[in-house]
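There is one chain below, alone, in structure tokens, taken in the form predicted on its own.
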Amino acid sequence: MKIKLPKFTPWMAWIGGLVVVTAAGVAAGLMVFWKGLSLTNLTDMVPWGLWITIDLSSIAMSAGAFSLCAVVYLLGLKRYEAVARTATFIGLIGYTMAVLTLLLDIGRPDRFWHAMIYWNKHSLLWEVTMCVTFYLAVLALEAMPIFAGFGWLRSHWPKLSERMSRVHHYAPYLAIAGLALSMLHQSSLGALYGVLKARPLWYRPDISVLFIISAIAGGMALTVFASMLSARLTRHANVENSVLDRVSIIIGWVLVVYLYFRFWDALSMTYTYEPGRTEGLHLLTGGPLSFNFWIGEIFLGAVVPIILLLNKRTRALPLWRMLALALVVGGVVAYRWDTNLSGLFIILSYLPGEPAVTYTAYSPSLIEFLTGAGIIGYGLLAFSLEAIPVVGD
């Protein structure tokens, strides 16, 4: 009797590749837990590197959940419900990715629970930790009706599936809680940088506003991109093109607002000379980070998507729209990377006889790349296996 093997398809190759990348990340993560942060290129001068960039980016990409859920359940725009469900699932994946990177970065993952027990109410980092924890729980509740729709769950545990689907009745209340928690910590992530007086480039009040605006643009862009990609891969994921078109227009105008604040923020720092801030701005606009800033963040991440999304002809073409949305996501990641490193590369010294401003450098180690790739692979794998069948339900 011959055993019939399943036909090898590109989809199987994609899933297999993600499994390999995720497994390599798990192995590298176990090495970090065993050996500690000595395996990384993080130092006392640059304590936040690739992992924190992934953390900030994954949280930003999850912002579509609170913004679109607020539109659906608080403003009553039910036509966006299918997109909001996709955003909720992406948000859940994004926040679990953020938690994984933080477990690696804190150095002592066995003490992750300390923030819950030992409250430091004067710390923005504590506030971010609490909001992330509670919002992750809210996202899990919001995603329960999505999980309840899975065929294998309905067939094996029908009563559990029925109970999970009832959570949908509490969606407006969860949307209010999610909006409050997410807005709090999205802004507090920027404020966390903005209150560090020892880092003059970060020490400014508008950075929290930039974090919120960029997160809204990036989160909605990833949601629409994922919806369009899912519709191409399966007939079950069918979202009305008119809905995606309206959300794309909103993303374009949010980018206009972001670009205005970004330039206003940068130009306002050129009025006077301030040690550390002026050098940091030069590092960002004319130094090692300048290509990433001008090309990755401003031109490809904002200017080009604005043109493509606000122009009716290019927005109507699926390929151009998907390209614009992907560029928005890349631009938000570039902004997080630029913000994080531009402040860390400048070191102020108050000792006599030493230069007032010195520079440092950082490049991720192999173990950081492997673990970071594993976390990203997990996110892609989770969406590939679970989200696609339920996007358009």
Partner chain sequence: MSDIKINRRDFIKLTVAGVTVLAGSQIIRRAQALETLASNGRQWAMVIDQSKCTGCDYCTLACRAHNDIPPEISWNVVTKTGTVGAQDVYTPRPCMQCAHAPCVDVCPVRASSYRPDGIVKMDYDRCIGCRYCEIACPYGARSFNWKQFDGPNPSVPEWGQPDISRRPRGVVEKCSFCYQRIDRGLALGLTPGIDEDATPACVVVCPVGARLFGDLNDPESNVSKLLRGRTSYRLRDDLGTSPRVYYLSATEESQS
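Residue numbers count along the first chain shown, from 1. Remember, predicted model here, so these are calculated numbers, not experimental data.
What follows is about the form predicted in complex with the partner chain, which we do not show.
Trainee: Just one of 39-47, 357-365, 59-67, 322-330 has heavy atoms within 4.5 Å of the partner chain in the predicted complex; which?
Mentor: Single hit among the candidates: 39-47.
Trainee: Here the chain is shown alone; which of R204, R262, R315, R199 has a heavy atom within 4.5 Å of the partner chain in the predicted complex?
Mentor: Of the candidates R204, R262, R315, R199, R199 is the one lying within 4.5 Å of the partner chain in the predicted complex.
Trainee: Of the options V239, V195, L283, V99, which one has a non-hydrogen atom that comes within 4.5 Å of the partner chain in the predicted complex?
Mentor: By the 4.5 Å criterion, the partner-contacting residue is V195.
Trainee: Please state whether all three residues W11, K159 and S165 have a non-hydrogen atom within 4.5 angstroms of the partner chain in the predicted complex.
Mentor: Contact check failed for every one of W11, K159 and S165.
Trainee: Should M228 be classed as touching the partner chain in the predicted complex when contacts are defined as heavy atoms within 4.5 Å?
Mentor: Heavy-atom contact with the partner chain at 4.5 Å: absent for M228.
Trainee: Using heavy atoms and a 4.5 Å limit, would one call E279 a contact residue for the partner chain in the predicted complex?
Mentor: Close contact is absent here: in the predicted complex, E279 is far from the partner chain, nothing within 4.5 Å, heavy atoms only.
Trainee: Is there a heavy atom of Y271 lying 4.5 Å or less from a heavy atom of the partner chain in the predicted complex?
Mentor: It does not: once the partner chain is placed as it appears in the predicted complex, Y271 has no heavy atom within 4.5 Å of it.
Trainee: So, A115 and the partner chain: in the predicted complex, are they within 4.5 Å at any heavy atom pair?
Mentor: Judged by the heavy-atom cut-off of 4.5 Å, A115 is in contact with the partner chain in the predicted complex.
Trainee: Within 4.5 Å of the partner chain in the predicted complex, counting any non-hydrogen atom, which residues from 85-115 show up?
Mentor: The stretch 85-115, when checked against the partner chain in the predicted complex, contributes D105, I106, G107, R108, R111, H114, A115 at the 4.5 Å heavy-atom cut-off.
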